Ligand code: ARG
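In structure tokens, the next block holds one chain alone, the form predicted on its own.
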């Protein structure tokens, strides 16, 4: 009997131990599952971070300068700001200035010579920016942004030598030559009864003026002075203030909304002003012409 009782107690004890072991195994399983879940979460977080990095890099490379090249549009028919030199390449104050800006930014500058009227529409597609003696206007600001102004200018009226035109009223009903898409073009549109002839090249307008086909040409001061010297004895350049023309600002046209590029160009421009490079270029290209 004692042996039977002992055997029964041993059986009960064994079952209790098995139950206890089973419970311990079941309690351990959730802990292991939690560990696996933690590892999965960590992996997911790492994957998200790894995926985010290229996105940030892509955003940084979305600037026009990402490829190390700044593609610039100009119209090399506007001396001394832009013209074609003896080597057949665009040259002038604006070209020297944008190349100096490119050097500050550590990028190569490639200049594309095109018609002035197509510059604005080409920004952000064919070209990154434009520098072309371009006046900041509300109309242009609807399509592009501008850098800080780098030059203050005024329109001049080029007249045949001996012309009696002297006031704004004298321009009414006259045959006026302008370069297409320029400020002179916009001004001529507002002159009462004037007949406006638009030219892709300003020099062609002045040629027609010298040959008696126009009464005057409206163009910016500096090129007006260049043409006066080139056509010496045939034409005279008259300050636009005499005709009530307001001063205007030249700036670099930039894709609409590209504040990063605007900031970079403005910073470089200010550095060129501060270190004397800007004044040196003015002396070389504008004051000596």
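Numbering follows the first chain given and starts at 1. Because the structure is a prediction, the values reported are computed rather than measured.
One more form of this protein, predicted in complex with the ligand, exists but is not displayed; see below.
Participant: The ligand isn't shown here, but in the predicted complex which of 102, 160, 80, 181 has a heavy atom within 4.5 Å of it?
Facilitator: Exactly one listed residue reaches within 4.5 Å, namely 181.
Participant: Picking from 260 to 268, 245 to 253, 228 to 236, 64 to 72, which part of the chain touches the ligand in the predicted complex when contact means heavy atoms within 4.5 Å?
Facilitator: The contacting stretch here is 245 to 253.
Participant: Against the ligand in the predicted complex, would residue 135 count as a contact residue? Criterion: heavy atoms within 4.5 Å.
Facilitator: Residue-level check for residue 135: yes, a contact with the ligand.
Participant: Can you tell me whether residue 140 touches the ligand? I mean in the predicted complex, with a 4.5 angstroms heavy atom cut-off.
Facilitator: Although the ligand is absent here, residue 140 would touch it in the predicted complex, with heavy atoms inside 4.5 Å.
Participant: Flag residue 93 as yes or no: does it have a non-hydrogen atom within 4.5 angstroms of any non-hydrogen atom of the ligand in the predicted complex?
Facilitator: The answer is no: residue 93 has no heavy atom within 4.5 Å of the ligand.
Participant: Should residue 116 be classed as touching the ligand in the predicted complex when contacts are defined as heavy atoms within 4.5 Å?
Facilitator: Residue 116: yes, in contact with the ligand in the predicted complex.
Participant: For the stretch 203 to 230, I need every residue with any heavy atom inside 4.5 Å of the ligand in the predicted complex, listed N to C.
Facilitator: Going through 203 to 230 in order - heavy atoms within 4.5 Å of the ligand in the predicted complex - there is one hit, 220.
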